[in-house]
Structure formats: structure tokens, C-alpha cells
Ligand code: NAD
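For reference, the chain that follows is the form predicted on its own, supplied as C-alpha cells.
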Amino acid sequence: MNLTEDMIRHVVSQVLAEVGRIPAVGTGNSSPKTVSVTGVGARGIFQSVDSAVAAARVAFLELSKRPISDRKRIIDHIRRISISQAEELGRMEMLETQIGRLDHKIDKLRTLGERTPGVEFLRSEVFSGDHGLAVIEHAPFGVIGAITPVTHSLPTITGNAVSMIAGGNTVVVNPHPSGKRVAVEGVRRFNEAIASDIGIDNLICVIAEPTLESAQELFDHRDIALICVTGGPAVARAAMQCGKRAIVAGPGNPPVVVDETADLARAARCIIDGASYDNNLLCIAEKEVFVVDSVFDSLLAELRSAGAVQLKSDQIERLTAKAISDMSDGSRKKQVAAKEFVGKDAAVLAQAAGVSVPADTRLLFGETLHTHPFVTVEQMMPFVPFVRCRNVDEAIELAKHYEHGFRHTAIIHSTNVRNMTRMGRIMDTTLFVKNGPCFASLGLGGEGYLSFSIATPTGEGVTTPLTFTRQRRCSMIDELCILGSA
């Protein structure tokens, strides 16, 4: 560390210590001292963006001195808490947000703890030849500013924290206001365990009372090196226009195509499993299904046999009138999912449609035209529209149109390799699932690693620790390299 950084670190530490937010630390290279500080400003909990970023900057400078093995210990604490306290924290999130399914809230925290990639993803590339040696390393950005959604408040923070810290960064989170309490509690627990073991507090910081204004402050802050956003179209656009490098996990409207060669019983089970997971809150979840006419009625019969409940056309219209609303978007109006129905149980949607279903019903479905609002809108509810198509070509064409160019996720059920290959090429989505539920694309029932930040607009895809690093090339030239290795 150079003298200027040392002085900045000392001044920031002293100022924050004076207001009781974090302990003062010296200007030398001694290990930080662990102290017990409670309340706002300790264990990552801050009221203002400035104080949170300052604390995260101090934590980053301390982390920069530590070996990668310490990062692994830090991540192990996050994993342990995410797994062992999943039920308590999942209940807390469900109670606060009132959307989704409790069992899936718990499941998300456990699987993130188990499957999110860590320091093992860091790897160096080496080039050796007559002219010397070059090593490509992965360096951290510094303090990352993160915006997280209400749909997966603590799970998104958990997964991001693991990847970001594995890459050597610290993070300041502006959570969705409707998921702020569980975000604060989760961050407090993570930091408490980390500080007790490693001696560094505030590796993960959270704004206790997040607002749109605090999100903008985070975007604009000079000490935020990178922005990571998980959310809808508006926040995605704001992140990409903020003037900083941004990793943006934007919206999706994932279509499903079922052709005449599909295993219909399997397709029905997969659609139910994927579309009902956490009441369809996942951005990767099956939102609308385009089915070849020759197997349309048979597929619907399989859905009914598997426990999904079919709504009649008049019931669908009653539900639509309540669950889809108009919203002004500048000079035009657009249709959006009504907040009071997002992530609610299928039984709640059925009641709005004028029908009674068993309380444990996982999914509602029904036949609609391709222009229906439930097809065009990313509804995030456990009702899925099914559209009858003349053939697979029409089904793929409609899937392409109603995915809206997000290039997020698409799914096909087929045993025809040509159809699968053609759809994959035409859709050009970040995630493409063949003959499985949507979450197989994240390694749940399929292969691969897990993250709830899937950067589609900016192209990074399913994020990993490498997503949050910069490449640094270290070169040793000619004779010096030879002498050094002699």
C-alpha cells in the first residue's frame, strides 16, 4: 500500500470511529483488531451511502493484504450461515415480503450456500516462450455497488457476496425497500461471523433505509468501482447509463416450446416444477408456453393429471382484470403485473378468478391467444398461458417475439435435435433449457454452478467470481526471466 492510500484509510477510519460506526485502526500493516460495536454502522449496517462506502473501502484495503485462503474462510462463514440458518432467515424473508413460497425461500438459501462458486474459480493463465513469461491474474475492482430485488432479497445478496469477495472485492448493497429487514439481518450475521474470525468488519455493507435516491447515490459515488444490478427494466437502464462499468441482470419473459415429438408427461411435470417454483418469481421461470396443435390437448390433459388446475376462458379474463394493470411509461401506457398478485399462491389467483382450488395447488394454467396480457407481460405469478400453434415453426416464431429480445431464457421440450438446435440458434438466449425445468439451467437438477444474478443485457451470463475481477498481465522479459528461473 502506498502512503497516500494509508493516509486516506487512517482519516476515514478516524472519522467513522468518532461517530461510533467502526473501530479506529492504525496506519501501519498490523492486523485489524476485532471489537464489539452494535447498532447502525457496525456489522455492515449503515444509514447513508457515504458512510457505507467509506467503511467498505477500509474493509477492501484490509482484505487486499490478506491471502486468498482468508477469502475462502470468509466465504465459508457465509455458506455456513446460509445453510444452517436457512429456515429462520427464509421465514423472515417470507414474513417481510409476503411473496413466494416458504419452502422455496428456505431452499434458495441452502442451495446458494452449497452451489455458489468461490475462490476455486480463480485461475491464472501463463504464457512462456523465447521472449519471457507472462501471467494473466484476476484482480479485484474494489468496492462494488449492488442493487438487489424483493423477489430474492437475501439470496441475491448471499450469492453476490460469495462471488464478489472471492474476487477480492467488498460490496455495498441497496436492497429493495420491501426486503430491507431480512437484508440487514443477513448482512449483520455474515459480518459478525467474519469479523470474529478474520478480524475485518463491513466486507458486506447494506443501506438500512434504502430509497431510489440512495440507489442513485450509489451509482454516482466516486469510490464505487463497479455496479451490479439485479432487477427490472427501469433499474437495468439506470445502471447501464450511470457511467460506470455495470453488470446487469435484467428482466426476462421466458417462453416454452413443446413440439409433437416431446415426452408430454415429462414436459408437464417440468413446466409445473419450474413455473410454480417460488410462485413463478424467478426471472428464468416458464412464463408462457407455445404448443404444437397436434399435441396441445394431450399436454393439457397431462398437466391436469400432474395436479395443475386449468382455468376456463371466463375465469382467465376475471383473473386478468385484477392481476394485470396499466402503468404510464413516459408518454405511453403499458401493462404490468399488479403488485398485489405478484408471487401469490395459486389458490389466491384462483379466488380472484372466481374459482376455489385446494390450498396446496401449485400451478394454474389455461388456453389463451398469443396476444393475451399473460403472454406479453412478465407476470411472476403461478398462472401460465398456453398458446395453440399450427406447427413448431410458428411456435418458435412466437417464442422469439414474446421473449421481447431480452435474450434471457428459453425452454424447449422435444426429441427432435433439429428443432432444438434451430430454436437455440434463433432465440440466442443466455440460458437455453432442453427437456427440463427452468432451474436446471442454474445447476439445480442440471449441471453447472448457481447464481441468482444472470447478466443478460451486459452479456456476462450467470455470474461467478471471475465476473467481478479485472485482468492483470504481469510480464517478465527475455534474460531477466531466464536469470530469475536459473
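From 1 onward, residues are counted along the sequence shown. Because the structure is a prediction, the values reported are computed rather than measured.
The form predicted in complex with this ligand is left out here; the points below concern that form.
Within this chain, residue 180 is remote from the site of this ligand in the predicted bound form, having no heavy atom within 4.5 Å. Among heavy atoms of residue 454, some come within 4.5 Å of this ligand in the predicted bound form. Remark: residue 212 counts among the residues lining this ligand in the predicted bound form, judged by a heavy atom distance of 4.5 Å or less.
With a 4.5 Å cutoff on heavy atoms, residue 219 counts as touching this ligand in the predicted bound form. Interface residue among 90, 175, 159, 168, judged by heavy atoms within 4.5 Å of this ligand in the predicted bound form: 175. The partner is absent here, but in the predicted bound form a heavy atom of 231, alone among 231, 142, 118, 366, sits within 4.5 Å of this ligand. Residues of just one listed stretch (294-302, 71-79, 104-112, 143-151) have heavy atoms within 4.5 Å of this ligand in the predicted bound form: 143-151. Highlighted residues 235, 238 and 249: every one comes within 4.5 Å of this ligand in the predicted bound form, counting any heavy atom. The single residue of 267-283 lying near this ligand in the predicted bound form is 283, the criterion being any heavy atom within 4.5 Å.
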